[in-house]
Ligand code: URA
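Only one chain is given next, in structure tokens, and it is the form predicted on its own.
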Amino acid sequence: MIVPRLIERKRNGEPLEASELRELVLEHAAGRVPDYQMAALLMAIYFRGLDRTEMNALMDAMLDSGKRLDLSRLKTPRVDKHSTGGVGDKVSLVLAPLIASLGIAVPMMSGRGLGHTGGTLDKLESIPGFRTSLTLGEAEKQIAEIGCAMLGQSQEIVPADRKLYALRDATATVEVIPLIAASIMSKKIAESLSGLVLDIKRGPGSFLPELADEIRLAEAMIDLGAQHACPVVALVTAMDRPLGYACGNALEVAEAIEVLNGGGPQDLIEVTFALGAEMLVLSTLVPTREAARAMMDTAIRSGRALAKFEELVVAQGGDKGVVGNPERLPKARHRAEFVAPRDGVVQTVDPRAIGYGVIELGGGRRNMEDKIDPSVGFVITAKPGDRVRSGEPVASVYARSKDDLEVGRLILGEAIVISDSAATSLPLVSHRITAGEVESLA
């Protein structure tokens, strides 16, 4: 295998053989192909794409680069959810313990921040002591005992994707449908799932702002799942504004706890319940989404879902006191309100600007080696369509210095647009996609 020749061929728009892709991915995972060559190939793929055969080969190679969870001894269904990435998207923090509290096994393998979007692992690790680097044996044991685990990739589990994931983030080659599909599905198939629900983000804060591309991505992942006997359902959800109020790692954990306590922002609850209903129906625990919603509502009101979250935190070494007192989470040294500069209606809250703003404050990574500050971020209480008055608080900045407070205010000033009239927002949940069918829900 001559790597520059493969890069050249893909740069010129020629397809690569499945065997060539397999060897290249496995050699990179083993450290025998350097990052700079793989980065060049990723950029060629960004411009030239991969066909369905190449995408399948890429996923299978990543899957075969490591081991898989062995959950065959479990008698319960094994269902997971995955988001393509958003701003303020802390759904996984609520959904994993909520669904596990209802008797479904949830082996949730997640990622770190990618591009302007936050990562579930970074959010969880804002809980003091919380460990996401579980071994396969630890994850299998924990899922058998408490019904869920929230873990990251390791050298055991799809290590090839782990390296490519970080490299894509650092080289601006995230927004490629075959790369997104193969990355997500390699992790999910490695979990030995009996069903998967996808949250495909739509709008300017997503990696694929066009609906047609989002549907293509969902269909690609549904096809990859079918090849491994894993039924997949996808929902298309809005990312033309941040989800919920909190944007930033520890701030989002606190908001997730609030939802598990029966409160929290309505948009976050609605998206969580829509995805959870699909998980429960896929598990065959309930026949309808309406029945699933009622079951989830009961689990939250009874305290079962919150108790399961506490079990999860304890099992993975975290400070369980956070569950009852989110004030124990890391706190930014400085906080300041951002007020509406004029009377009017909130027209937009730009999620991409907010996501990059969190990174600017230190809550995300500019390169693979960066360490993040889990305490910083924004809490944005104003939503598109809200009428506000001049001087009314609409958001808060959480920062590690007074200078960063001013940076945060400038970011919010660009991201939050107040006008005389509201723009039309995307529906929270607009489409449901299954094998062979795209259903409009709006």
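From 1 onward, residues are counted along the sequence shown. Note that the structure is a prediction, hence the values are computed from the model and not measured.
Separately, the form predicted together with the ligand exists; it is not shown, and the next lines address it.
- Remark: of stretches 125-133, 81-89, 292-300, 342-350, the one touching the ligand in the model of the complex is 81-89 (heavy atom within 4.5 Å).
- Shown alone here, S283 lies farther than 4.5 Å from the ligand in the model of the complex, counting heavy atoms only.
- Taking the partner from the other structure, the ligand in the model of the complex has no heavy atom within 4.5 Å of any heavy atom of R202.
- Contact between L98 and the ligand in the model of the complex is not found at the 4.5 Å heavy atom cutoff.
- Of the heavy atoms in R241, none are within 4.5 Å of the ligand in the model of the complex.
- Think of it this way: in the model of the complex, the ligand has a heavy atom of just one of Y245, F338, Y165, F273 within 4.5 Å, and the residue is Y165.
- Of the residues given (L329, I104, L208, L114), L114 alone sits with a heavy atom within 4.5 Å of the ligand in the model of the complex.
- In the model of the complex, R168, L179, I180, S183, I184, K187 are the residues of 167-206 with at least one heavy atom within 4.5 Å of the ligand, listed from first to last.
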